[in-house]
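First, one chain by itself: the form predicted alone, in structure tokens.
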Amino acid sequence: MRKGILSLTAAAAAMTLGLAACGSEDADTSASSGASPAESSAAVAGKVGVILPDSKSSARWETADRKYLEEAFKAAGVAYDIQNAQGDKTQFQTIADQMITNGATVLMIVNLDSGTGKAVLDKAKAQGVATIDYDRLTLNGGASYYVSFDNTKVGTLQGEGLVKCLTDKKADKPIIAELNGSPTDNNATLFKNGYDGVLKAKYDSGDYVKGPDQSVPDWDNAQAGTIFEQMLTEQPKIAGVLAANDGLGNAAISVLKKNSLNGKVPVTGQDATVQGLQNILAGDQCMTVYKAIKKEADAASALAIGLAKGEKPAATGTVKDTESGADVPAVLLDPQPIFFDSVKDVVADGFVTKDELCTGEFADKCTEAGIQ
């Protein structure tokens, strides 16, 4: 099995160096900070501040992104501060102010919405701080760089995945429910553009019937469950669910289980979370989209480290900001669709472990899926 499913651009990967540093955790603020033993040396290189969005929209922010970013900054000997805004827009701005005051020369953010993100980026730029949009583009934000996956392609893979699952079930004119991500997240818009590009042709041809279509505020899984329950009450014959990520997908699956419809109605996802992969193994979710977070974190940290060292790192392309019209220097990575027979690829890539995935009732399913 191949160790790396996605390939990271050489320009981004070449920027990491190998000098150890130490870190600490602050449970109250969800913060991490690090500096090399030679504090003055790290100070010369500059300091990187990272603001993560929350813990509830996806487990990835704390279980994957934080870990991989910390590892990269420590290896490069660059001082850093990673904090999580926990979905609080006021706290998001407060954290940014603190980071700038405390000497951050590079600020990397995952915005909660473009308005808040722009305010933070504007303040950072006014103080001479280099900026990176991580995972989500801040519309009209003017960040120095943007690092993410090709999010329209993520949505396209979800749409194509749902079509495959419905075809496998020989579904006849299935009614499709769309459970979209947060309306304030530009990524959710890109995902929807991708899967609607696939599904619209099916709706137009009459092969599929367009059913309920609703966004979930703040990617909130509890609200997603309530929304989908209402969808199913209004349209009991829903036969396919385009859920924008694994959390929303699981919320829909929980409702389907209460109605003895799980496994009968294909549900999509995204993020290849342990929960999402287990739902696939159980037959309750038909697919997810794997985004190798380490590759994304490595690309973003390489840019941040280069900027902290006073360099002008190269992007591999640009992304059009649809509000400002500007071309933002960008590094975009490729996502991968995951079905039952390719869950093993996510394990082989080291994103999840067999021990955490193949617990209890899932042990036999893991064997069946070829997970070693």
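Fair warning: this is a prediction, and the values are worked out from it, not measured in the lab. Just count from 1 along the sequence shown to find any residue number.
Omitted from view is the form predicted in complex with a small molecule, to which the following refers.
(message) Please identify the residue among D284, D271, D298, D81 with any heavy atom within 4.5 Å of the small molecule in the model of the complex.
(response) Of the listed residues, the single hit is D271.
(message) When the small molecule is placed as it is in the model of the complex, are R136, D185 and W219 each within 4.5 Å of it, taking any non-hydrogen atom of the residue?
(response) Per the other structure, all of R136, D185 and W219 touch the small molecule.
(request) Indicate whether the small molecule has at least one heavy atom within 4.5 Å of a heavy atom of F191 in the model of the complex. (result) Flag for F191 set to yes.
(message) Even though the partner isn't displayed, in the model of the complex is R60 close enough to the small molecule, meaning a heavy atom within 4.5 Å?
(response) Heavy-atom contact with the small molecule at 4.5 Å: present for R60.
(request) Can you check 304-312, 317-325, 339-347, 50-58 and let me know which stretch has heavy atoms within 4.5 Å of the small molecule in the model of the complex? (result) In short, 50-58.
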